[in-house]
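Only one chain is included here, represented as C-alpha cells and corresponding to the form predicted on its own.
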Amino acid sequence: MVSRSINESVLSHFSDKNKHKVQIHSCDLSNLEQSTQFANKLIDSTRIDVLFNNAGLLTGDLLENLELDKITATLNVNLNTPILLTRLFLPSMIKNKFGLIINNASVSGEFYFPCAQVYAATKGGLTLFTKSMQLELKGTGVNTLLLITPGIETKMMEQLKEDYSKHMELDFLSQTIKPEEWVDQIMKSVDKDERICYPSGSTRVGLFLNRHTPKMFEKIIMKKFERNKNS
C-alpha cells in the first residue's frame, strides 16, 4: 500500500484481516519524481502481479476559483501517476506473462458535471487510457480492469458535498454505497475476469441516460447548477 503518510491503524487493520504480510510505503503520488523513485526501488525488490491505481484527489469548484497547485496535483495523482506507474511496472508483468492493472476511474469521467471539470478530465483520461491499454495488451497475459466508481461513503464524498454545494443542488448525490459494497463488486469482477466494473442502481441508470439521451441528462443537471448561487 502506498500513502503520503503511514497510518499504523490502517496497517493493523489489514494485517488482522489478511493472511499475507502488508507493507505501507510512504510516497507523495502527486510528485512524479518521487513516484518514479519509489516504483524503481520496488521493482528491484518485489514481483508485482497486480497494480491497483486507487489514489485520488478531488476538485469541485468553478475553474477560475481553483488554485493552480491543486489542479496540477489532481492531474498528477489521478492521471499522470497511474500512467507512469503502469509504464514502470508493465515490462516485468509482460515478461512474466501475468498481471492485472486496476484503474479506479469514476462516473465523473462520463457524467461531466459542472464544477468537476478537472476531476472529470482526469477520470475520463484514465478511462480512455485503460481501454486503450486493454487492446494493446491482448495476448500478453496482462489485463486491465476499469472501475466506473460511484459515490462511496468516504471522506472524499464528504469533501465533494461541501465543495459542490457552493454551486449545485446535491439531491442527486443521495445514492451512495458503503466502501465494503464496492469492494465486493470489484472482487466479483476480478473473479469473473471482467474488463469493466460498473455501478448498479440509480447510478447505472444515470450512466445510461448520459450515453443515450445526453440532452436530457444535461437538462436535468443544469437545473441543479447555479453559477452565482452564493453571490
Ligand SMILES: NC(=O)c1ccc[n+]([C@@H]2O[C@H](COP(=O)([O-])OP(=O)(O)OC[C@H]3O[C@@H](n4cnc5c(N)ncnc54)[C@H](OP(=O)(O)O)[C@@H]3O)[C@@H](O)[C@H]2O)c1
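Here the structure is a predicted model, which is why all the values come from computation and not from measurement. The first residue of the sequence shown is number 1, and the count goes up from there.
From this point on, the text means the form predicted together with this ligand, which you will not see here.
For the three marked residues, 79, 113 and 162, no heavy atom of any sits within 4.5 Å of this ligand in the predicted complex.
Stretch-level contact analysis of 48 to 56, 162 to 170, 62 to 70, 192 to 200 against this ligand in the predicted complex, using heavy atoms and a 4.5 Å limit, identifies 48 to 56.
Residue contact with this ligand in the predicted complex: residue 27 places a heavy atom within 4.5 Å of it.
This ligand in the predicted complex is approached by residue 155, whose closest heavy atom lies within 4.5 angstroms of it. Though the partner is left out of this view, residue 99 does not reach within 4.5 Å of this ligand in the predicted complex, counting heavy atoms only.
For residue 106, a non-hydrogen atom is located within 4.5 Å of this ligand in the predicted complex, even though that partner is not displayed. Counting a residue when any of its non-hydrogen atoms is within 4.5 Å of this ligand in the predicted complex, the hits in 138 to 154 run 149, 150, 151, 152, 154.
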